[in-house]
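Below sits a lone chain in structure tokens, taken as the form predicted on its own.
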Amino acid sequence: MSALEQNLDKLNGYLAAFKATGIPNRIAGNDTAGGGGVFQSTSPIDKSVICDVAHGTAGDIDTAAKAAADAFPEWRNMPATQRRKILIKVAEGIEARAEEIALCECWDTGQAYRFMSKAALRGAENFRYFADQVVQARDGQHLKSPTLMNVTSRVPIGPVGVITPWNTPFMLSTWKIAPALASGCTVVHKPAESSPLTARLLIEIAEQAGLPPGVLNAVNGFGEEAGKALCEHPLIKAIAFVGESRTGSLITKQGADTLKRNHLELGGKNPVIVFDDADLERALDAVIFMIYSINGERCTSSSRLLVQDTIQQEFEARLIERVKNIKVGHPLDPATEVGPLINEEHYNKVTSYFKIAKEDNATIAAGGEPIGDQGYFVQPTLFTNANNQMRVAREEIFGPVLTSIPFTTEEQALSIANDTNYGLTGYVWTNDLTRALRFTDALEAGMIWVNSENVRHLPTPFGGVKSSGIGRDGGDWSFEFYMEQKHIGFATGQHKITRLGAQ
């Protein structure tokens, strides 16, 4: 039996429960039906129906928000060491079910197993990391003044909403939910409707680890209904969202009336700049990895290649050869590097850019065609002879599609890199240290890697500028979002108090 056949056999066992019972909402520790009935989740691999999913409505969100509010005092007041133990058990539960999570996520999203197996374990790392920060999360400062002992501390903000995307749903859910729980907040989670399976697994694992009912609730549904209700609900104090920039703008508007705090991790049209003094072999590997892994459905993907004209011909020739050799196939085949896109709507969007590139007079140097009609597969694609004014260079395609743009000088490269509405990440390849310092200082991006692909380090701040988002994840930045800063001043003596109205 091949590795693919073995994975399919295991997957069928894992999917049996989903097929038998569907995916209900989970509110206050109970399975509940959706007020809107059910919708069907389908696999992008072969368009087959996976299972029925509860169609959550504003009424379901209201019930979940009230459950989160009811559970908040107990969870907030639980000793930090006890919360830490529960979160560690969640991490252990994720590790124990990592294969199940990975296989279900591959079937649900079309992502290749070689990446999703690691994503499940990264979810466990998220819980472990924030569990280790629980005890000191409330720690503040002692700021002495002449008359007062000033003490600062932090307290959890309250029930929060977490809205997660479909590209790497399990890992990104843990990225938001772990620090929220570690802070002492309770959560209403609205997973992406296109990838609901592993959100269900996460809440099962969390409750089995001892998370009290109502601390983590999950309501499935669509953004325009359940998502909107979550953003508008007065009991929800903050929204953590990962998704496209247009939706982030809507979330800001929807939360305005309740003065909702928002953390928005949005889109990108990220540049990777390759200078002629770079280690071209490593740069080539990184350029390919950061756009074609995760099916190109990654907010931090380097979708614009800015290559110095002195090496452009050689670099693009090697790039074309490599792109044409990328293995597209069944996600559960360990040899597969790129799987199908998430759904028909997104497939139509990505493939529309093949025509747009031709209309803009860019060259389709590799790919540019769909593959078959069984699932939502496309060829890894490279556009050359492009400039930064073309739509393929300005709009977030969010697929395995790279646009190559030449530059001559450092100043020109910086101008092109910054000429975008986005500012999530940037990647710079050069062996000139002073150039790297100059360039990264002027590059408009929240995160920049020099001579490296995106290597995530959990204590560092994650987030973007411009249309790429508001706020930062990671380390203490996460606690700053999920907690309120508090100041208490203690008088240290009988300082003078101005007297009004005294005779």
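In case it trips you up, residue 1 is the first one in the sequence shown, and so on. Keep in mind that this is a model prediction, so the values were computed, not measured.
Omitted here: the form predicted in complex with nicotinamide-adenine-dinucleotide. The next part is about that form.
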Position in contact with nicotinamide-adenine-dinucleotide when the complex is considered in the predicted complex, options 250, 416, 78, 326, heavy atoms within 4.5 Å: 250
Residue within 4.5 Å of nicotinamide-adenine-dinucleotide in the predicted complex by heavy atom, from 224, 359, 281, 432, is 224
Going by heavy atoms within 4.5 Å, which of 68-76, 271-279, 390-398, 101-109 lines up against nicotinamide-adenine-dinucleotide in the predicted complex? 390-398
Going by a heavy atom distance of 4.5 Å, is residue 302 a contact of nicotinamide-adenine-dinucleotide in the predicted complex? no
Is there any non-hydrogen atom of residue 153 lying within 4.5 Å of nicotinamide-adenine-dinucleotide in the predicted complex? no
Is there a heavy atom of residue 125 no more than 4.5 Å from a heavy atom of nicotinamide-adenine-dinucleotide in the predicted complex? no
Partner contact for residue 244 in the predicted complex: nicotinamide-adenine-dinucleotide, 4.5 angstroms, heavy atom: yes
Residues within 4.5 Å of nicotinamide-adenine-dinucleotide in the predicted complex, restricted to 180-213 and counted by heavy atom: 190, 191, 192, 193
